[in-house]
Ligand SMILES: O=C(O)CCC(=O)C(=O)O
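A single chain comes next, written as structure tokens; it is the form predicted on its own.
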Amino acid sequence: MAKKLTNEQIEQYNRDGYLMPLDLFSTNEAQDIRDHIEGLETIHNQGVAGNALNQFFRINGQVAIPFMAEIAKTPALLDAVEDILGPDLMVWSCELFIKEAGAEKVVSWHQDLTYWGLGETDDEVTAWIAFSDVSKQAGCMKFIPGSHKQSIAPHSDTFSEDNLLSRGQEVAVDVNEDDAVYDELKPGQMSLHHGRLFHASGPNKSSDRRIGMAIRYVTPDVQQVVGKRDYAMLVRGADRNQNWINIAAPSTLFGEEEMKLYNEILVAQSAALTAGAEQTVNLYAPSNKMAGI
């Protein structure tokens, strides 16, 4: 029996590779989370451990920022993901994607699984949660329905300054924009999408910031096939396969042990996430200050 999704919604996800919009948080709850995010930006405007706060927002926030881990464990969210992936769930990463009002930042057409080193698995789903009004004007995501049914396509690295992706990765095949479906979300709503789905997003032409969180869920069957090891946080069920180094949610914001673990994971994952790059991928380059913690 499905816990949150209807049979029709599950069939739609399998057919199209995405599902949206789904209600998750109330408007007030979404505002509280946004306030928390922006409070961290104010408090840590000089960065943390020699890195900009965005380093931790964009890479493995669930390791060093407790509230990001808590969001990833929201029961209603896990119910929806369980309906897609089954009862054993792990969080591989949490990321905040923020586009400032009027910013030209974009996300080029790509498939998430391209550089993760997790193969072409179907046992991964990304939940993308809106904490502001994520309209077409604000630069919401857009999907190509059914594109998840093909293998991972060739990609190229642009390293464009206006691209929010770590390498400016872009699928090296033609994408028909006329086929795109826009993932417009209200604060507190979310979408689910498959790791091979072609997706992108445009610039934020609205008068407000566009704030969203992407949470990457995998099953214990998934494993790192490029790097030597990888880490995940068990959030439901059991990890009987032991393909992962299991980590707990952080207890202290940027605590000493949390930061040591963060850096350990960053070093381990960089082997897969920077493989083949012709330039330094800054988000996966630990600073000397962080390494010394």
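Keep in mind that this is a model prediction, so the values were computed, not measured. We number the residues from 1 along the sequence you see.
What comes next is about the form predicted together with the named molecule, which is not displayed.
The shortest heavy atom separation between K99 and the named molecule in the model of the complex is within 4.5 Å. In the model of the complex, the named molecule lies farther than 4.5 Å from every heavy atom of R209.
Although the partner is absent from this view, H110 contacts the named molecule in the model of the complex, with a non-hydrogen atom inside 4.5 angstroms. With a 4.5 Å cutoff on heavy atoms, H148 does not count as touching the named molecule in the model of the complex; it lies far away. Proximity to the named molecule in the model of the complex, defined as a heavy atom within 4.5 Å, singles out one entry of M141, L185, M90, V81, which is M141. Only one segment in the set 67 to 75, 217 to 225, 174 to 182, 120 to 128 has any non-hydrogen atom within 4.5 angstroms of the named molecule in the model of the complex, and it is 120 to 128. Within 4.5 angstroms of the named molecule in the model of the complex, the stretch 183 to 210 places a non-hydrogen atom from each of H193, H199, S201, R210, taken in sequence order.
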